[in-house]
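Before any questions on binding or motion, here is one chain by itself as structure tokens, the form predicted on its own.
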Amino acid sequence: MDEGTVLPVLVCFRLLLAVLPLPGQHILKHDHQINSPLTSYLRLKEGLWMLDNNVDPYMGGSFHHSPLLLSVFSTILPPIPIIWAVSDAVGAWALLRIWRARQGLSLHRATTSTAESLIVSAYILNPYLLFPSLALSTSTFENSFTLLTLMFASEGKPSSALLAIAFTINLSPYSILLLLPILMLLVTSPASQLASPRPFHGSINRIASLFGEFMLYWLVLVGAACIIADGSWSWMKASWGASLTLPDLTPNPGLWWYFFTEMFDHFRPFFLMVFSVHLVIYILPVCIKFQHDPLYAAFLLIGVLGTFKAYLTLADPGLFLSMISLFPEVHGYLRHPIVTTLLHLHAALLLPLQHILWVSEGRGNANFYYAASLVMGMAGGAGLVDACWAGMRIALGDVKVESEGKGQVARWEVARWEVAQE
């Protein structure tokens, strides 16, 4: 196949999956591994039905989607599978543009290289992303808007990037973790600086002004959401608050649900605070350590979300795994890629098996499924730690060990060490 036709062919394949009546698609819509209470298509349909019948969707406590998403699907677009296919195509296109911006290539080139074909394939054919999209999970839109944000920031389009991240945060409050690296990326360059780390040279005043612009967009979107919700603020507790208070303990591949199922109510507020703050504490260390490459910092924070998010689905680690194709310079410095791959494969096989044994067959219990969730957590943590190691290790270059006499003398030959001290 011609390399230039890979993207169109994959997009056509994805559109074909959207229009064909696939067997078992209704099973995917009920699968806890690719749907959560915050992203489920069935709950979205329930909210649309309640809205059409003049009932407040946020009254019963079962609807957690953003009012903006509710408004789009009730007035502009019908919630049909083709919309999810288009979202996948947009995400793949954005990932391709991010690659071109990072490599300094023309953004409007017509030809597609082998590397670009692999990047597009890593997104559209990633089963962690494909199955949630076929199940019509709204996590597909969150991933697409995240990639659009990074694309606009890499191309130096601040207004578009800030509007996109404001909309993404409205859909998923956890995306606030990406705000700082996005602001840093807007005042620097997306080009790889991992092999030659240097202090951050962007303008702090420029970052402050960009943050003010972001707050303007975010407040406008919050106001629009309140208007859609008939002037009520109850949607914030039902939508954003669900990520912090964990009202629905539906099983998922994440690490939160079983812990809080067994938690005494007396200790619940404290540990909710601990689990939520745990996500936030990664922002500054990652951004400081990788201040020379904000795009890589954003990639690592996406990996944090794909491991420790409250209502985790396969789409969250799927985005992290697809984005690693953007950084081929670190692939040679990964310490245990085979182990990480086998952990993901092990988790992908265990999760549906234990779910069937517990829910369908009744031959197991919650411990079975949570054990598989722990394997998924180990896979996400292993990939994240390995990516951090490789991003730091690349600055040291190659290492050679030579034997001299009876002892071993380690001789470090630094191939690329261009630290600029200011």
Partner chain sequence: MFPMHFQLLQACLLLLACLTTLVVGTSNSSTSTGEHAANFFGRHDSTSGHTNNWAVLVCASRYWFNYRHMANALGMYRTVKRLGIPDSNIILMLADDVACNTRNKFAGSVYAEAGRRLDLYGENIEVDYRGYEVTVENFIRLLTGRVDPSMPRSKRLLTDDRSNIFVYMTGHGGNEFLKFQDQEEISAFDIADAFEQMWQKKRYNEILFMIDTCQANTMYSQFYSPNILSTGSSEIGENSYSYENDNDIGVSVIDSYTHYVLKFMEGINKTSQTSMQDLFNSYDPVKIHSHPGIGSDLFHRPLDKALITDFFGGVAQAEVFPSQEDACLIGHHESGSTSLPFAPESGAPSLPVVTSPSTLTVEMHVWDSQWKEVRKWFSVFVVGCLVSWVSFVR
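Note that this is a predicted model, so its numbers are computed, not measured. Positions refer to the first chain, counted from 1.
One more form of this protein exists, namely the form predicted in complex with its partner chain; it is left out here, but the text below deals with it.
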property: 216, 288, 263, 345 - the one with a heavy atom within 4.5 Å of its partner chain in the model of the complex; result: 216
property: Among the candidates 356, 55, 42, 374, the residue which, in the model of the complex, approaches its partner chain to within 4.5 Å (heavy atoms); result: 55
property: Partner contact for residue 75 in the model of the complex: its partner chain, 4.5 angstroms, heavy atom; result: yes
property: Partner contact for residue 396 in the model of the complex: its partner chain, 4.5 angstroms, heavy atom; result: no
property: Heavy atom of residue 68 within 4.5 Å of its partner chain in the model of the complex; result: yes
property: 4.5 angstroms heavy atom contact with its partner chain in the model of the complex for residue 196; result: no
property: Site test, 90, 141 and 305 vs its partner chain in the model of the complex, non-hydrogen atom cutoff 4.5 Å; result: no
property: Interface stretch in the model of the complex with its partner chain - options 279-287, 308-316, 223-231, 116-124, non-hydrogen atom within 4.5 Å; result: 223-231
property: Heavy atom within 4.5 Å of its partner chain in the model of the complex - qualifying residues of 154-170; result: 159, 160, 163, 167
